[in-house]
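Only one chain is shown below, in structure tokens, and it's the form predicted alone.
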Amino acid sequence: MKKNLIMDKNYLSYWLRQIRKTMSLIAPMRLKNADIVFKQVDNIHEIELDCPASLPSPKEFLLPQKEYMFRFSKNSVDVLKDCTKRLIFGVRSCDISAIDLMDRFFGEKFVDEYYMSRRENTVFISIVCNNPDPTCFCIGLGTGPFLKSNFDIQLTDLGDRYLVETGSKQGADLIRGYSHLFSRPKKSDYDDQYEVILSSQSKFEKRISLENTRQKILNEKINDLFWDWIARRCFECGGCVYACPVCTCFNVVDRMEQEGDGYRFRIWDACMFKGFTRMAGNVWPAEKKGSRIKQRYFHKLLYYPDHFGRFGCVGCGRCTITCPGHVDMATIAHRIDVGDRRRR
């Protein structure tokens, strides 16, 4: 199934144009306010190929910010599932790693049919990150800047051409029928790929090992005073949760349109919000902000490795950019690693 090919960059727009005839094409696009986001492509030439690694995550196409689940009336229930076929182009390696975690979260012990319906109809073309942002630290987690497995198609920018790697049947299907656009790689192509990867790895400004952080927590070297200090810097804005490509918090809401008729939808929520933990009887298991922050980081650093064998963080650095209180994953991991004794 895995296959390596070379494609001249001049062929990229034609290839995407042909694929768009059979499925919706999503890619990084620049808005009028100059922001770059993933959105449906109307004009192929407007796709942004040179964009920051920290552009918003494409997870909203698998877990939308608001998703209708079903409509109901006195006599029927109509389940609403999105089966639109999509190709999402230009995704970073860390986001593909995050999607792999989401696939396991929503598809293993309990299968979320809404997520899986979208996932089974979505194919990703990822691009090796030649120029990581200063906030990126995926290299310390093995989630980037390139992937060895668990991708559909991975492109490596070699200047005037791409090294194209297929890693799944869905990816191979996108290549089939367009053999005239591709050629076999030469030794010089692999040499160039190796240089690109070495160059990218050398550009990382952050080298963070979350395993050290995890072990200090497991060894009970971090007490609640530390989390209370972090809580005093937290604005409870939820930005870290919404920007994170791994976070899956949502709430489910029923709305009535008229007597007996209505619909159910789910919306993104945040474990950092006090109301997220409220239970029946007005019980608050995590009423204090420090408890909620502790729970969030225990979830990512302890519970995810226990259940999935990987951290609930892919080192994308988005929370570093988003958090106004500077209590993002990288900062907290650094403080725990260096042992800030004044606050513990």
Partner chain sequence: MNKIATICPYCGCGCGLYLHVENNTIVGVSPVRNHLVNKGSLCVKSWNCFEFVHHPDRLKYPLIKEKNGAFRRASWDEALRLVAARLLEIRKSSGPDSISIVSSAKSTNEENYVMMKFARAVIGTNNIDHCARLCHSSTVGGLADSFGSGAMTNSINEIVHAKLLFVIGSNTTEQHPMIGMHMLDAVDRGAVLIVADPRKTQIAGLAQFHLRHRPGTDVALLNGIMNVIIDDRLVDIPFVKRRTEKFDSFRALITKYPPEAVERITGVSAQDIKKVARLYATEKKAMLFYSMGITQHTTGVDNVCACANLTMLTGHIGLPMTGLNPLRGQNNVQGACDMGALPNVYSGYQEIRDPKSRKKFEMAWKVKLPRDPGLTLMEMFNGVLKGDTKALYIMGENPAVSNPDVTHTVNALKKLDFLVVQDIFLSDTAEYAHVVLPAATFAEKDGTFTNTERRVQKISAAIEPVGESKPDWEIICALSREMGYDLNYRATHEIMEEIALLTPIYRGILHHRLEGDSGLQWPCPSATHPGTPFLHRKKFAKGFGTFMPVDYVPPAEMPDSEFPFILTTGRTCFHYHTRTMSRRTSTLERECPECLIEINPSDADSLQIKHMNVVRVSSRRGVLTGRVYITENTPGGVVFMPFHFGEAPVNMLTNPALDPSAKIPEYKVCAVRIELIK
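Heads up, when I say rigid core I mean the largest set of C-alphas that superpose within 1.5 Å between the two forms. From a predicted model like this one, the values you see are computed outputs, not experimental measurements. Residue numbers count along the first chain shown, from 1.
As for the form predicted together with its partner chain, it is not shown, yet the points below apply to it.
Asks: Tell me the stretch among 121-129, 155-163, 237-245, 169-177 that has any heavy atom within 4.5 angstroms of its partner chain in the predicted bound form.
Replies: Every other range fails; the passing one is 237-245.
Asks: Given that its partner chain is left out here, which of 207, 255, 184, 187 has a heavy atom within 4.5 Å of it in the predicted bound form?
Replies: After the contact test, the surviving option is 255.
Asks: Considering its partner chain in the predicted bound form, which of 9, 326, 334, 17 comes within 4.5 Å of it through any heavy atom?
Replies: Residue within 4.5 Å of the partner: 326.
Asks: Would residue 232 count as a contact of its partner chain in the predicted bound form, using a 4.5 angstroms cut-off between non-hydrogen atoms?
Replies: Within the cut-off, so yes.
Asks: Residue-level contact is defined here as any heavy atom of the residue lying within 4.5 Å of its partner chain in the predicted bound form; does residue 269 satisfy this criterion?
Replies: Residue-level check for residue 269: yes, a contact with its partner chain.
Asks: Please run the contact check for residue 290 against its partner chain in the predicted bound form: heavy atoms, 4.5 angstroms, yes or no?
Replies: Answer no; every heavy atom of residue 290 is more than 4.5 Å from its partner chain in the predicted bound form.
Asks: Would residue 309 count as touching its partner chain in the predicted bound form under a 4.5 Å heavy atom rule?
Replies: No, residue 309 stays farther than 4.5 Å from its partner chain in the predicted bound form.
Asks: Quick one: which residues from 27-42 get a non-hydrogen atom within 4.5 Å of its partner chain in the predicted bound form?
Replies: Heavy-atom contacts to its partner chain in the predicted bound form: 31, 32, 33, 34, 35, 37, 38, 39, 40.
Asks: After the core is matched up, is the C-alpha of residue 54 off by 2 Å or more between this form and the one not shown?
Replies: Yes.
Asks: Explain in one word, closer or farther, how the Cα atoms of residue 8 and residue 55 are placed in the predicted bound form relative to this form, where the distance changes by 3 Å or more.
Replies: Pair moves farther apart in the predicted bound form.
Asks: Compare the CA separation of residue 61 and residue 54 in the predicted bound form with the one in the displayed structure, and answer closer or farther (the difference is at least 3 Å).
Replies: Their C-alpha distance shrinks by at least 3 Å in the predicted bound form.
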